[in-house]
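The chain below stands alone and is given as structure tokens, in the form predicted alone.
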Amino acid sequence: MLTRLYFDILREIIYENTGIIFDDKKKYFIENRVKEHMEELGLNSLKEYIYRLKTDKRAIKEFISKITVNETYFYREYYHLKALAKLVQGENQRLPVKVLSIPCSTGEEPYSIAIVLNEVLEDPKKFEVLGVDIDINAIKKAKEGIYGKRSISKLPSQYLKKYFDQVDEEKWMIKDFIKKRVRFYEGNILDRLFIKSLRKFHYVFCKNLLIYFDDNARTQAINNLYDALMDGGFLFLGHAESISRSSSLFEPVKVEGAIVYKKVSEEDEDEW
């Protein structure tokens, strides 16, 4: 279906809107998503479809939603949540504790963070969690807060009972008291003005995203994450990710067996 020309055009559209690189191995994947989307839009011409993507904001958002990966579940990479709990308990924080999850996918990570903070802080009003993702459909699901068996499979049973209401045999809904502590927004990590508009955070979770970027997009994302953190704040990355090339911005720190990255203050950075 996709010629090399159209595949390259679509890859460029994806890169311009997300910063994500798709190699040749992903041609079949992109082809299937395009076919599905064209059928939904009632289009038969690839030329017309590409024009639609370039001129219709809704269409490009739908396409991005189809090609982004939302592989997540509650308490994924639990060692990071243990490290967060340790940091929150051990530091004299300015309250409320503010945490950003980007990309937040369908909400499992930010809600997991909220559960941990609710457990370790005496006053649940002393924390705020913000989830951001470029996928509008993922954000919609996150706001609904309804999850299936796979999403909650790693969650301790006592927390499932405490923080969820069972809808039926296959679905659970996050309870309102914890749901109110988490806000969700559609947004792009590469949009510097958007990231700055979110204010500052004590902790930022940005896991399993940077590996999809090229060097330019990765550097831009890291700079934006640096701006999003308060001085001395911590960045959590996926286990396969590293920011060694930007070591002047962050200092690796080991917490509860996990490697996290502490923001170097602008004063300290000038001394390097």
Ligand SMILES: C[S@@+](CC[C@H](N)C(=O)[O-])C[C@H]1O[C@@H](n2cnc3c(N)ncnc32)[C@H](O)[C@@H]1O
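Note that residue numbering follows the sequence shown and begins at 1. Keep in mind that this is a model prediction, so the values were computed, not measured.
There is also a form predicted together with this ligand; it is not shown, and the following applies to it.
The partner is absent here; in the predicted bound form, the one residue of Ala228, Leu209, Ile30, Ile222 having a heavy atom within 4.5 Å of this ligand is Leu209. Among the residues Leu130, Leu155, Leu117, Ile134, the one placing a heavy atom within 4.5 Å of this ligand in the predicted bound form is Ile134. Contact annotation for Ala83: none of its heavy atoms lies within 4.5 Å of this ligand in the predicted bound form. Using a 4.5 angstroms limit between non-hydrogen atoms, Asn70 touches this ligand in the predicted bound form. Asn188 belongs to the set of residues with a heavy atom inside 4.5 Å of this ligand in the predicted bound form. Contact annotation: Arg76 falls within 4.5 Å of this ligand in the predicted bound form, judged by heavy atom distances. Stretch 99 to 107 is the answer when you ask which of 173 to 181, 99 to 107, 141 to 149, 156 to 164 has residues with heavy atoms within 4.5 Å of this ligand in the predicted bound form.
Shown without its partner, the chain has Thr18, Ile20 in segment 11 to 47 as residues with a non-hydrogen atom within 4.5 angstroms of this ligand in the predicted bound form.
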